[in-house]
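Let's start with one chain on its own, the form predicted alone, as structure tokens.
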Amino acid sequence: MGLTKIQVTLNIYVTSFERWIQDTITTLYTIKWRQVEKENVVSIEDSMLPEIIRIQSEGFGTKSRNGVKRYSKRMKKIFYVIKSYDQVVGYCIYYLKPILSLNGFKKKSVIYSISIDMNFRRKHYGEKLLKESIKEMRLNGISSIILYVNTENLPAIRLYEKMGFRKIKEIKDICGPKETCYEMELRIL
């Protein structure tokens, strides 16, 4: 039995509302965001967007192009770009997620998307990008970083484990329809 038109419409509204809340929270948290000097890693500038979309499409197809555009406008402080000789070679987009605990709210960040240009993979750009952004997350009181990675993406999983991320659980359909992903977490505080 399929979903009715009303159920589909309701799901779209709920998803849009959740995205709006997430974006608002991230915006509020980043108002007082402290940035650190990062080697070859900068916050996004509008002129970089076409190259980032190319890299994103190369790695993921077109499934999250609109998200990349949205985050480039709303969350510039936590949208990191790595460069080599003034050429954009990769990016990492975060959003912030407060988690209610016994001690109040904990600030966690979630990697929305990360990708390195195919010509620059296996040259430590992904590792450098993560190290530099983790340093800034720590400075801003982020307690942990969460990401989702396809269980078949072994090079990425090895990189994340090298950086200290641990597999938490397997989740279906979060990375895409009929895909199985690991939820991984790095505790930084």
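All values reported here derive from a predicted model rather than from experimental measurement. Numbering starts at 1 and follows the sequence shown.
This next part talks about the form predicted together with a small molecule, which is not shown.
The stretch that touches the small molecule in the predicted complex, counting heavy atoms within 4.5 Å, is 153-161, out of 132-140, 38-46, 153-161, 22-30. For the chain shown alone, residue 115 is a contact residue for the small molecule in the predicted complex, at least one non-hydrogen atom being within 4.5 angstroms. When the small molecule is considered in the predicted complex, residue 145 lies well away from it, no heavy atom lying within 4.5 Å. Though the partner is left out of this view, residue 59 does reach within 4.5 Å of the small molecule in the predicted complex, counting heavy atoms only.
Taking the partner from elsewhere, residue 121 is found to have a heavy atom lying within 4.5 Å of the small molecule in the predicted complex.
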